[in-house]
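Alright, here's a single protein chain in two forms, structure 1 and structure 2, each given by itself as structure tokens.
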Structure 1
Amino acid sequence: MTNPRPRLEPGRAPAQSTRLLVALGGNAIQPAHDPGTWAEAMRQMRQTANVLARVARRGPELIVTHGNGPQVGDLMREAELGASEVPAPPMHVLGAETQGQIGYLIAQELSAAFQHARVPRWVIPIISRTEVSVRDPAFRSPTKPVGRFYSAREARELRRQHGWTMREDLGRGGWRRVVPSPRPLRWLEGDAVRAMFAADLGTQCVFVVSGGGGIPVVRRQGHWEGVDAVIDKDRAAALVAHTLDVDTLAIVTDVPGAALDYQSDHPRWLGRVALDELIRYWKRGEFAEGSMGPKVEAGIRFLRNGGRTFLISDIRSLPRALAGRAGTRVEH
């Protein structure tokens, strides 16, 4: 079967006006505890792509963002092991590498899923940069752990050689590098993608953008400079959604939705929730900072900035969540 190709005809009215951003994370790309083989990544992404093809058949303009935690950790380890022969690139360059790697993976599998489902769309990965402020307090107090665990001796040596900030994880018996996690201010490629949507290309292309929260850059002496930092991918997804006037932001994670008392024996899963109610839960600390907290915060920010619907779901439940029959759903 030949691939059904969309005809690029700027000016043609879109099939329908709904614009959906799906933020992939967790086992939508790589299952927990997976060794990270390319074959396993393809298998997992194939399942995710089949779900996204079902969603795309319903007609919404679709944008995809994704995380990169395991992948950038692997590249950091590769660079460390090969540093005696090949100079190790800075962390922001490794972030760019993961955007290419995962963008390629999504394009391969999603294009095949579109062909099988007869969805006439192209998949276009875009290397994306995210502006952060050089004055962000995160640069004074790095908190985001990255990479592997080290012994105390290794941590001292890395601090001396590279100036890394190292922090001991008492619960897991080792030291890790910590980097800043500044707030995203602007998606630099956003205006270009907005122009493509204005030309009605959103019904013919699926754009894969802002991988891993985007490559963090700051403005110095009239030009952009990459910095070693990690931008929270969910906060960056909310920024992308606002930039592109998205109607629905769906954050895909490992669990079927947000829950109250999540760490207890009897978590209370949230279905349809009012925005004010979700804000109350968030302010009283129901959602952990290292897991569901940034997702809920991103959803609140998205809705406050004009979005209509915010969803949290696992990948299998996404079509039902979009129909209001699964996941956590907040409307504004």
Structure 2
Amino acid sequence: MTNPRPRLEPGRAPAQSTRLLVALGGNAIQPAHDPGTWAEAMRQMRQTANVLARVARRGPELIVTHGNGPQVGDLMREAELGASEVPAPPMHVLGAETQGQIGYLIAQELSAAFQHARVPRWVIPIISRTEVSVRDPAFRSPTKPVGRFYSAREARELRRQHGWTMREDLGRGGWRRVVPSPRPLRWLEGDAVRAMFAADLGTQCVFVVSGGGGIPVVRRQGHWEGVDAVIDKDRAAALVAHTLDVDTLAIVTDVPGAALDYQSDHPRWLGRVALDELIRYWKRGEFAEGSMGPKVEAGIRFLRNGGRTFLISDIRSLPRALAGRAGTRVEH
């Protein structure tokens, strides 16, 4: 199925017909350093939703995806603590739960923000599954940080007690659990959402899709089976962007963009960058694995697959980043 919309000619104002995918960081919903309460998460989402409503008012078709690192980590911890009374759900079920939690939060706040800003659009979260390969090497070497930060002593204890793989997060000082993060191969609900865009529902609906990278599933004897892993939402965002033929992919996180020498005392924040330049920085390891690395990798993949504009910014700067005045921006 092909997308019937014409691509914009260079030089013409990207007003009505752009298709924008915004990927919200799990930490932008509930900061990993300060887990806070759900009431706080709702307030944070309200601010995010107001920004998204301002963006949608300018006309682009909008699709939202989101991370779930902190949330899925909380549910895992909850399952561990409650295991003596309630059977602990497998990790893929917890992934589905986070799509429900966060999808609900986004639906609540974004539909209210739309109403307030007089943007006539429905918000529709879609439980999304992502196909991965059973042979993905990630199953043998976990890299994806989930859940809260722990001290070195707590980390040792959790490793001993539950066999968790723990890794130090050098940027933010602390230890986190890491889980397998296989590559996303296919978004199972993608064809259905494409069909809705082809029926021109993209201007009336904002679909919230592939939350937490999608629930990882593998094909076994004619059935889909959930597996214990957490897909990186940035990699999955590139897949969603490709499936829906979006023009602009904006990854919203808790820093204003990507930086060189990030670990040093003088990080150099990247503004407008050429694709081959970004690839060079990426290859020399400027962007940490499991955090900024997958964002940049997603951007490279997106642009190579025919995307036009790739952005990394924080939520406050998103409207300015879309206008070319903030964030890290790569055009193709």
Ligand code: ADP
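Bear in mind the structure is a predicted one, so any value in this text is a computation, not a measurement. So that the term is clear: the rigid core is the largest set of C-alpha atoms that superpose within 1.5 Å between two forms. For numbering, take structure 1's sequence and count from 1.
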- Item | Identity of the form predicted alone, given as 1 or 2 | 1
- Considering the change between structure 1 and structure 2 as two rigid parts, does the C-alpha of residue 256 belong to the same part as that of residue 203? yes
- Message: Need one number: degrees of rotation of the smaller rigid part relative to the larger between structure 1 and structure 2.
- Response: 30
- Task: Having superposed the rigid core, state how many Å the Cα of residue 154 shifts between structure 1 and structure 2.
- Result: 10.8
- Item | residue 176 CA shift between structure 1 and structure 2 in angstrom, with the core used for superposition | 7.1
